[in-house]
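First, one chain by itself: the form predicted on its own, in structure tokens.
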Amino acid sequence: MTEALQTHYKINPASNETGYKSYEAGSFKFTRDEYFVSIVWPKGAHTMAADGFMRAMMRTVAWGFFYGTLSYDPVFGTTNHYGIVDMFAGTYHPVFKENGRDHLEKFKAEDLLELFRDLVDDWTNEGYDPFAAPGEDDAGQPWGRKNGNNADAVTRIRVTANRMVGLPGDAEIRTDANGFPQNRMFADVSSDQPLVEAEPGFEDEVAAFNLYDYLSRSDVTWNPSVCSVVKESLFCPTSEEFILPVEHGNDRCEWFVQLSDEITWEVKDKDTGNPRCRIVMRAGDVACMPADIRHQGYSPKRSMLLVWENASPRIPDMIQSGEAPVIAVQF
């Protein structure tokens, strides 16, 4: 592990063979060819298929490193310390650790994110959408030599409300009128909106919206928006299809409310990656993911999930010190 904050970043010109740029952050080097991404560090190297890497990197960029750890696979990933980010290879892999091949470096979050944004833009070819599920008609293909880009897809900004969707100043409901048609798998979802009759003087404080209709118009997968905020409590709904592109290692408890269809969650120990349980959630189920695990979801049909987060920046330190528990409820 390198304790010093890394300041070396480099974007290299496109290769004549593949047309893709290569990237350096600290002593990590990233290259890709028609099918694979290669990650090299002083003690080792690792290869990932381009599709899985691009879907994971897209979420890293869109989420701003999110909460805790994002493991792209058992070897590579990042951990968010909110302003500082660890990038690691083999840190949570027993064989890499045992043989001294693991490596971790610290970066200023915004600097590393800027490099990753350029990488996502350059490594996304025309017609490919790393936010989409592979089965969608307009998902495109991640393979092949460099061929254009898809800036509209990779620069989407998450919908983030400051109070609740529908209240003045926050995100508009997704409707055909503003360019968000219902997804192919949610064609049976009603678009009826609730009738709100507010007392005079309270029109800006009382609102309601059809959450199912809102989610049926999501044009991305595994990318939670923020539809309501009460102090540090966030309701983050999302539509899910295929595989969550990362194993998410929590640094706080995370509540899941399954709104429709079904998701299977593989839950592992956060540090070792050893399996802990398998959860099948169906519509109406509620689960709390503890702060000492990593999880990855599998959704065979596009489904709706409500993620409930406490966004307090104090929680990771409270958990680490033992002031707060790693589970939400003790029976």
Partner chain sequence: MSEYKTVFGGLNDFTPGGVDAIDDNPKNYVFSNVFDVASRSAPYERVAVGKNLEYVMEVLRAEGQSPWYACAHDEFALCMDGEVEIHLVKPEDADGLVDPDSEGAVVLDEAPDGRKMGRIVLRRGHQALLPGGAAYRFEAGAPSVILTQTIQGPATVERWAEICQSESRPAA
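Positions refer to the first chain, counted from 1. Everything numeric in this text was worked out from a predicted model, so none of it was measured.
One more form of this protein should be noted, the form predicted together with its partner chain, which is absent from this view; the next part is about it.
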Quick one: is Val280 in contact with its partner chain in the predicted complex, heavy atoms, 4.5 Å cut-off?
yes
Is Ile315 a contact residue for its partner chain in the predicted complex, using a 4.5 Å heavy atom cut-off?
yes
Asn210: touches its partner chain in the predicted complex, heavy atom cutoff 4.5 angstroms
yes
Residue-level question: is Phe242 within 4.5 Å of its partner chain in the predicted complex, judged on heavy atoms?
no
Since the chain is shown here on its own, which stretch among 232 to 240, 119 to 127, 151 to 159, 75 to 83 would lie within 4.5 Å of its partner chain in the predicted complex, judged by heavy atoms?
232 to 240
Could you tell me if all three of Leu104, Ala132 and Gly169 have a heavy atom no more than 4.5 Å from its partner chain in the predicted complex?
no
Which residue, Gly68, Gly26, Pro290, Gly297, has a heavy atom that falls within 4.5 Å of its partner chain in the predicted complex?
Pro290
Can you work out which of Asn99, Gln193, Gln141, Asn147 has a heavy atom no more than 4.5 Å from its partner chain in the predicted complex?
Gln193
Hey, which residues along 185 to 202 are within 4.5 angstroms of its partner chain in the predicted complex, non-hydrogen atoms only?
Met185, Phe186, Ala187, Asp188, Val189, Asp192, Gln193, Pro194, Leu195, Val196, Glu197, Ala198, Glu199, Pro200, Phe202
